[in-house]
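Just the one chain here, laid out as structure tokens, in the form predicted alone.
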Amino acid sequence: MTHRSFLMFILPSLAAMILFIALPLVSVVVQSLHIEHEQVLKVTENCGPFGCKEETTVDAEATAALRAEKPIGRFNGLGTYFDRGHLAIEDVATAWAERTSLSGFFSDLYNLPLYKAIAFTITYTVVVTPLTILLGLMIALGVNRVTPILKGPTIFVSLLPMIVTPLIGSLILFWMIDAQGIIGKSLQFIFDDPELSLKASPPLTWITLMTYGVWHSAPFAFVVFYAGLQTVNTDTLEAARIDGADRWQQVRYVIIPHLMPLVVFISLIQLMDNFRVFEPIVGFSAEANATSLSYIIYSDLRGDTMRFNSAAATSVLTVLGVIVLLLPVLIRTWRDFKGKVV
């Protein structure tokens, strides 16, 4: 294929990526470097029978004209990134200087909004991703051994969590874990504690959100692994059986190595998806005990006062976080690919 033919082949996809990915990302970066214009004030002197006094009021016309002239706002550089709502450089430096212990320092960091969101986001991603892969593989292995007559209904039931809309699924589970719900009442009965509530405790809230995340994401991993199991070489499995390999050894030494490219693929998808966790927090109304980077962006963009620069800065930090998480997987994939080519 000539260079011209190759360019014409990828041109539509390249144009779409530039239009819908690159340009919006650049605009977000530019917006994060600007903040809203300050209101233009004017001083007027009012005189009465008892003398004159100055009053300061907002000049609405001048403020509107300034915003119309420069709608993106005034340049603030990296100021938004370093303020208390984001990286909080001054607060972090103060906490480090006044630390009494390392745990105390991290406790001070956790009180800052961005670091609190980062703590939950990373914990959620690190816990949910491997559990999703493991559970998806176990379901795929189990379904692959089910008798043909039961395979269809089993696959349907296994896919239900993925069929249900994330927000609806989280709302259903939210009602179930309520103090009057079936799960909430059952736990109160088991632990003999009528005051027990999964919503009131931050650790229990985190566990609930992660459990939901695994439950909702496992069907995707199951579908991918189940498709991969259909391509396993039966002759290799038969040879392993003849050599005396039990079921676990067949999975460990034949099936898992065969599915490793799919493990990498699912890891990439899940890392990106889990790092952007948002719907469960809204569905469970868990923002008091768990906030994520995506939820901070949502908070900045709702209400009467929308902070576009703050949301843009958090978006950029989220993208950087995803890149950092994906780098080890991408580097390993590149090395494996390079080794095969050589």
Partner chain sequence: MANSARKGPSSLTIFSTAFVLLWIVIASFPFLWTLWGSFKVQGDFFSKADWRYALNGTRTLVETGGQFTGAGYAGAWIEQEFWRAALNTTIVVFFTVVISLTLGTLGGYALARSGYNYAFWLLMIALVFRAMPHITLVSGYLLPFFQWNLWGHLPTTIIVLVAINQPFTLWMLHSFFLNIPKDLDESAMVDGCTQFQAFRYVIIPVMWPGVITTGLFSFLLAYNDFIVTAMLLSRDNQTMVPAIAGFLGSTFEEGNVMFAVAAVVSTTAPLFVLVMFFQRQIVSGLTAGAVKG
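Treat the numbers as computed from the prediction; the structure is a model and nothing was measured. Numbering follows the first chain given and starts at 1.
Here the subject shifts to the form predicted together with its partner chain, a form of this protein not shown in this document.
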Original post:
Using a 4.5 Å heavy atom cut-off, which stretch among 109-117, 89-97, 200-208, 156-164 contacts its partner chain in the predicted complex?
Top reply: 156-164
Subject >> in the predicted complex, the residue from L131, L187, L262, A240 that sits within 4.5 Å of its partner chain by heavy atoms >> reply: L262
Original post:
Here the chain is shown alone; which of I122, A245, L171, L196 has a heavy atom within 4.5 Å of its partner chain in the predicted complex?
Top reply: L171
**OP:** Find out whether any non-hydrogen atom of I297 is located within 4.5 angstroms of its partner chain in the predicted complex, and reply yes or no.
**Re:** yes
Original post:
Is there a heavy atom of R276 no more than 4.5 Å from a heavy atom of its partner chain in the predicted complex?
Top reply: yes
**OP:** Please run the contact check for Q180 against its partner chain in the predicted complex: heavy atoms, 4.5 angstroms, yes or no?
**Re:** yes
Original post:
Can any non-hydrogen atom of L330 be found within 4.5 angstroms of its partner chain in the predicted complex?
Top reply: yes
Original post:
For the spot marked by N76, F105 and I256, is every residue within 4.5 Å of its partner chain in the predicted complex through some heavy atom?
Top reply: no
Subject >> Residues of stretch 120-147 in contact with its partner chain in the predicted complex (4.5 Å, non-hydrogen atom) >> reply: L135, M138, I139, G142, V143, N144, R145, V146
